[in-house]
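Only one chain is given next, in structure tokens, and it is the form predicted on its own.
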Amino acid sequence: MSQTETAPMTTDGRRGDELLVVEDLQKHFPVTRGVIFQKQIAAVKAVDGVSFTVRQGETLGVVGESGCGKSTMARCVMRLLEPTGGRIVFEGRDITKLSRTDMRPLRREMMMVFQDPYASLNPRKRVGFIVAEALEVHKLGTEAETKRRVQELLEVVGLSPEHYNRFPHEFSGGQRQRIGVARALAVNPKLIVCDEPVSALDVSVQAQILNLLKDLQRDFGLTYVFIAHDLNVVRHISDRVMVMYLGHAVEIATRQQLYSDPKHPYTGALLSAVPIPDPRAGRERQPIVLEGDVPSPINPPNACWFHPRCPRFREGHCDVETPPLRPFGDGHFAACHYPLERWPMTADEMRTVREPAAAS
């Protein structure tokens, strides 16, 4: 079952107040052999059947290990990469196969903040040009109006209008990321995809950028898809969270549900690895230790994608039948045949969980 099936479709193609609907999204990169006559021999299944929705004004956090397909999924949603399959509906309009010309008006509604604040800004252009570029592409305002708009945006993100004529190398990492946020805000978008926007920043600067994003969301009614590795960061900014593993969505829940009552063993393992500031609680906690490495997306496991590393693996079931995204109530979904019953788990429960894996 896909979580997009839980609400009826409205007459304009959306479900209720949902701004973005993604159904069975796939992105496969071909693996070829040969120099002149190339032949496809396999495919890297970077994203393989991801479905989710984003409501207007909310933040959907996306977490998972490196290489699980988070950034590829985000670029497919933005149509920076062409999806191999699936469906992307934005504001009731199917944009999956729109041409570049047809997509141009929609670019105003969907913007992106990239991970690296050093690589995402053109070092040869001044800040004023970088932030104003989207305004000029969409022909929004005169030259004087554009300059005034850029200076206002610099103030909004905590910079000075005097920074208009500076180059990116004159700024720190946090200031550069603020410039990236200003660029994304320039055309008043409805959806902003943040691809690990704070992972390259110091902790103190991370807090500044996160608080800035929350303030901007409150003031301008923005909708975010926020990708990150740090579960504490995601907990701070997200309303709902999607956990990805090997190109699939394995759990989707509200922030409170995911952090207090995770159902998928992979989610439990991620949460058990998060440091706790209380040393006593940290010693008493029983971490879920995953064995082995992430499988290759070229040759993923049969049935459940997580079963080679899962402590709750049951032979003859997990390696035979693919688990659907099952509902657990109140919009909580998890793709697992043997979900976690309670959280956190005691030492005795951890031993009973690991016994089947050891026996297999």
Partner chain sequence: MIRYLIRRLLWAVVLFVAITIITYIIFFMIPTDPARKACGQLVTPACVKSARHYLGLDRPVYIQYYKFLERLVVHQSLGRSFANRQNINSIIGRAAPITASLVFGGAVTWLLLAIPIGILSALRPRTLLDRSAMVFVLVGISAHPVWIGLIFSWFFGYKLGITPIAGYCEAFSPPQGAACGGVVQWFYHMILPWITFAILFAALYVRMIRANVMETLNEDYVRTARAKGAPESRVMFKHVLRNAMLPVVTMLGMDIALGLGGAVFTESVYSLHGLGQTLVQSLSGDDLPTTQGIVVFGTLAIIVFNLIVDLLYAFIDPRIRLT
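Numbering follows the first chain given and starts at 1. Being a predicted model, the structure only gives us computed values, none of them experimental.
The same protein also has a form predicted together with its partner chain, omitted here; what follows describes it.
Participant: Pick from 83-91, 251-259, 221-229, 134-142: which stretch has a heavy atom within 4.5 Å of its partner chain in the predicted bound form?
Facilitator: Careful reading of the contacts points to 134-142.
Participant: Check each of A119, A281, V289, V274 and return the one that places a heavy atom within 4.5 angstroms of its partner chain in the predicted bound form.
Facilitator: Of the listed residues, the single hit is A119.
Participant: Would you mind picking the one in K97, K214, R104, R148 that has a heavy atom within 4.5 Å of its partner chain in the predicted bound form?
Facilitator: Of K97, K214, R104, R148, the residue with a heavy atom within 4.5 Å of its partner chain in the predicted bound form is R104.
Participant: With the partner left out of view, is K263 within 4.5 angstroms of its partner chain in the predicted bound form by any non-hydrogen atom?
Facilitator: Because no heavy atom of K263 falls inside 4.5 Å of its partner chain in the predicted bound form, the answer is no.
Participant: Can you tell me whether K125 touches its partner chain? I mean in the predicted bound form, with a 4.5 angstroms heavy atom cut-off.
Facilitator: Judged by the heavy-atom cut-off of 4.5 Å, K125 is in contact with its partner chain in the predicted bound form.
Participant: May I ask you to check whether H163 falls inside a 4.5 Å heavy atom distance of its partner chain in the predicted bound form?
Facilitator: Heavy-atom contact with its partner chain at 4.5 Å: absent for H163.
Participant: Taking heavy atoms and a 4.5 Å cut-off, does R240 contact its partner chain in the predicted bound form?
Facilitator: Heavy-atom contact with its partner chain at 4.5 Å: absent for R240.
Participant: Taking R75, M111 and F114 together, does each of them reach its partner chain in the predicted bound form with some heavy atom inside 4.5 Å?
Facilitator: Verified in the predicted bound form; spot residues all in contact, yes.
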